[in-house]
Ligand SMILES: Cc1cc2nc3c(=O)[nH]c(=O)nc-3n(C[C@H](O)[C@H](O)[C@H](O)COP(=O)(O)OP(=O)(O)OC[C@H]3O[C@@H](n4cnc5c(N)ncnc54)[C@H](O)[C@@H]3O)c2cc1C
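This document starts with one chain, in the form predicted on its own, laid out as structure tokens.
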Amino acid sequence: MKNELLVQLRRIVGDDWVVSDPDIMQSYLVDVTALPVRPVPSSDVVVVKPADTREISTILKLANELKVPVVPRGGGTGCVGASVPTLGGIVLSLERLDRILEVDRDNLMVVGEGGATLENLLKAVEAADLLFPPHPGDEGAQLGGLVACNAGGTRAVKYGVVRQYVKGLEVVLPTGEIVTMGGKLLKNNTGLDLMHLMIDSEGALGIITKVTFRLYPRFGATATIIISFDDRHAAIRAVPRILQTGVIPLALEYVERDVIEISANHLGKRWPAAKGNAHLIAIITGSNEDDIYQQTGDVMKVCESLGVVDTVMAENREEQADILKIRSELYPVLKPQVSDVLDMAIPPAQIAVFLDMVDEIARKYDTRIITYGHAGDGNLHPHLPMELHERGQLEAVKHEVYNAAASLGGVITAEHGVGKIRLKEVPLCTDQKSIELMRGIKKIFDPNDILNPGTAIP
């Protein structure tokens, strides 16, 4: 069957775009999931690199007919194993669909192919003096992957996650049909909203080949503030109070001193806050400098009433970039010592309670669980240390941390997704009927279960 499949795939895309050499394929079989929990990829796969939507359609029709699994492959920047092919079949790379097709200034929209990178999207949009607000992290991520994973990141407080920006999609269904959903529209109540089913489907319902995103005008000025407290509960109490002033920061992050200094020291930089153990990092945006000073004054006034011990305001680009660099490099710096990085969302006002619960779990297992994250939207990232994996305690600790989040009304993932490594935890925060409905939707879109099987849906 594999030889016959190779012949037909080469006929569709050309000999140069079918890769069956195991050594060449290795980078297509993994993502950035922490090694102890990363799924083991199948060696019985072939990588195919179609040039356009038509070729993808033909490949999926063939795979559906032969009942061969297909795993869509973007930039490989996911961290829950969604793009790791665990069954024999086809890895379908979108890397050749890499064009930014249009930046429409009049409609404030950008159109790009599914394999175009976030880096190239940002360059095209900024060249037009416009803004694509979301920034989930790695700019090597591809547009189709951003949509399929509903990427989040630090800027979600003010502008929301990727879902809020998707206005149109071109999708190839598992059965090979090409469908268009939405367009350059701000309102659309025509029928059931199939487009939003595709967002966060993690490559299980269709392959996204073209995306239309909404854009915004660029902000006129920015400032970054580090707000320091001695106590985490005081820091977290400040979060809703800041938002209640009407100031909605672009980002509102929480991190503890000893953790952020690990990253600063690694980068050879100095963390600018000299006091306090619990820090909020707020990025304020406005139309001009006067607007920025007004907003930062309102934020500082609120924090003074809650026991703030220090505030540091970075105004020039270099200072702001240093603070963001230190925060952004936390996971890469910590990753070699981490067996899994979690991604739960809880009600923002419960963050300090959750952190105390995590500390209690860590004491029970005689370890340290470093946790930081997006305070403004309640999305936290506990880092489970490698020693838990080495002791055989990783799954037990993970389950307790997830249960802690669920007990506070939280969910197991806010932006990373379920992928292939979080499937068994979904019932902690999702009722059985909802899971049955998800399975039913999958069956309608993908009757032979060929597209990314074993991903996202328990």
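Residue numbers here begin at 1 and follow the sequence given. This structure is a prediction, so every number in the text was calculated from the model and none was measured.
The next section is about a form of this same protein that is not shown, the form predicted in complex with the named molecule.
Novice: Note which of Gly373, Pro85, Gly203, Pro249 lies within 4.5 Å of the named molecule in the model of the complex, where distance is taken over heavy atoms; exactly one does.
Specialist: Contact residue from the list: Gly203.
Novice: Within 4.5 Å of the named molecule in the model of the complex, heavy atoms considered, which of Gly112, Gly152, Pro382, Gly378?
Specialist: Selected option: Gly152.
Novice: Check Arg73, Asp138 and Ala148: does every one of them have a heavy atom within 4.5 Å of the named molecule in the model of the complex?
Specialist: Yes, all three are in contact.
Novice: In the model of the complex, which of 204 to 212, 120 to 128, 238 to 246, 296 to 304 comes within 4.5 Å of the named molecule (heavy atoms)?
Specialist: Within 4.5 Å of the partner lies stretch 204 to 212.
Novice: Check Thr77 for me: does it contact the named molecule in the model of the complex (non-hydrogen atoms, 4.5 angstroms)?
Specialist: Yes.
Novice: Does Leu94 make contact with the named molecule in the model of the complex, using a 4.5 Å heavy atom cut-off?
Specialist: It does: once the named molecule is placed as it appears in the model of the complex, Leu94 has a heavy atom within 4.5 Å of it.
Novice: Is Glu55 close enough to touch the named molecule in the model of the complex, meaning at least one heavy atom pair within 4.5 Å?
Specialist: Contact with the named molecule, no.
Novice: Is there any non-hydrogen atom of Arg422 lying within 4.5 Å of the named molecule in the model of the complex?
Specialist: Arg422 lies outside the contact set for the named molecule.
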